[in-house]
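Next up is one chain by itself, shown in structure tokens, the form predicted alone.
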Amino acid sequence: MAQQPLTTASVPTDIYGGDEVSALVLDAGYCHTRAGFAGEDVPKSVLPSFYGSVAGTRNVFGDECLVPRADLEIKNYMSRAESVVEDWDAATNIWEHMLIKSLQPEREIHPSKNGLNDPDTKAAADGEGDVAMEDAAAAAAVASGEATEDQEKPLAESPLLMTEAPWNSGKAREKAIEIAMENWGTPAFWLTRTPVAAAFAAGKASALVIDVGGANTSVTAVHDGMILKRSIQKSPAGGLWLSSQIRSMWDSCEPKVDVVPTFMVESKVPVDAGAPAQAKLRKFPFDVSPSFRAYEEERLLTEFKESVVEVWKGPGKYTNPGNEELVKSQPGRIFEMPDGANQMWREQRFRVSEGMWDDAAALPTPGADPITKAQTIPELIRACLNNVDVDLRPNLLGNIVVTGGSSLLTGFNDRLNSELSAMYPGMRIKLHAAGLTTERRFGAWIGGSILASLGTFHQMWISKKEYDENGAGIIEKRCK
């Protein structure tokens, strides 16, 4: 017999069950952090996870603040190797900026406090008006940003769903719920793993999730909305690794390609393809920090990746005889640098991405470990499937979800399909890769948005009452 719904009198009170849930969804990644309202199809606020630290004063967030200035260092609040939060103070500041300043409406001031109903302000200015000590103290507290106990915390009406890397540590998970409950006063909280959210965004409860992000690439098996811990595989072959490959290619070109980021170019003259650039560079009255320069160069490399780099579609490896000659005979793509230098890219644009599939084809990157065979995408998939039950493999291969911004390279899905068909002949292989670029870049956020807006999800939230009774350890018991 089907279970009868509980009457309102007997509904447990520790479950958060507000009807109109204006839940917020926060998805933090190494390159960007995304925040928005549950039930919407794209995040309202997307900021770089990089922030500017002005020596000895303050931190600044957002692209419009990351401009050349004296003593500005560019930092990231996440660790590059693990894609988990490293600097909690900066993380809290960025998240507060996004969730509270960007998404919350300005709070209405009570008419008695808006200054319009004050007695004669001139008299007060002359020192004749009396100010009650309590009012002065309250005004000082507000000015200094101290919230009194009875003042409402900023997220007191908004449950918060956050995403996390599947290998996130227990300590970091407890820290996340602590910030949400203690600092922001959220009435309910939930933590979901990114592969699970990406699978939900594709409408699947069980899937093999291939996430090609900025800092790394991961392959995870999700079964009935749970990650299979033993299946998690990750490799540094993501967007930033691809940037280092492009840099190696530019260094080994004849003539060598100079990387001049946009902020350094004051004016330029159009030149023919292959001719040296004729540009006037900006002079700054201070030293631009190496970290700022590297951040700006990364933006240029990202533009090159998006417009030029392609993945060899297969069949077989790009390094197989005859393939390079075939590409040389086809039209290439022209890319113009910020300083005006431009040239045609043909076979090289396939070469830079080939290392993701074939470790032997990776270009040497000075100062970094070369990629190993086990870190290539086909081997990550093989290792992931070898660690799950044999009976689950056909279902996972029939539900492969491709997500992450770096998976948007032209030809990526064709190559993935051809590699999988060669590795698992006779098996039914079906890729689910969203066609819209926003869906692929924000896959985990969209999954979190769907999850938090489901009526059936209400009973899952960890309520403030539960947190108060059990402490931060509740996250380990509830969010498996």
Ligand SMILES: Nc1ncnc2c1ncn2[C@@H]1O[C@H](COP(=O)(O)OP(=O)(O)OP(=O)(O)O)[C@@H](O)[C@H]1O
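On a predicted model such as this, the values are computed, not experimentally measured, just so you know. All residue numbers refer to positions in the sequence shown, first residue = 1.
The same protein has a further form, the form predicted together with the ligand, not shown here; the description that follows concerns it.
Trainee: Of the options Thr192, Gln233, Ser83, Gln245, which one has a non-hydrogen atom that comes within 4.5 Å of the ligand in the predicted bound form?
Mentor: Going through each option in turn, the one that passes is Ser83.
Trainee: I need to confirm a contact call. Of Cys384, Val401, Ala176, Ala215, which residue comes within 4.5 Å of the ligand in the predicted bound form, counting heavy atoms only?
Mentor: Comparing distances to the ligand in the predicted bound form, the residue within 4.5 Å is Ala215.
Trainee: With the distance limit set at 4.5 angstroms and only heavy atoms considered, check whether Gly239, Glu306 and Leu408 all reach the ligand in the predicted bound form.
Mentor: Verified in the predicted bound form; spot residues all in contact, yes.
Trainee: Might Asp339 be said to contact the ligand in the predicted bound form, defining contact as any heavy atom within 4.5 Å?
Mentor: Outside the cut-off, so no.
Trainee: With heavy atoms only and a cut-off of 4.5 Å, decide whether Cys31 touches the ligand in the predicted bound form.
Mentor: Result yes; Cys31 sits at the interface with the ligand in the predicted bound form.
Trainee: Whether Glu164 contacts the ligand in the predicted bound form should be assessed with a 4.5 Å heavy atom distance threshold; does it?
Mentor: Answer no; every heavy atom of Glu164 is more than 4.5 Å from the ligand in the predicted bound form.
Trainee: Is Asp211 a contact residue for the ligand in the predicted bound form, using a 4.5 Å heavy atom cut-off?
Mentor: Residue-level check for Asp211: yes, a contact with the ligand.
Trainee: Please pick out the stretch from 22 to 30, 424 to 432, 37 to 45, 450 to 458 that is in contact with the ligand in the predicted bound form, where contact means heavy atoms within 4.5 Å.
Mentor: Careful reading of the contacts points to 22 to 30.
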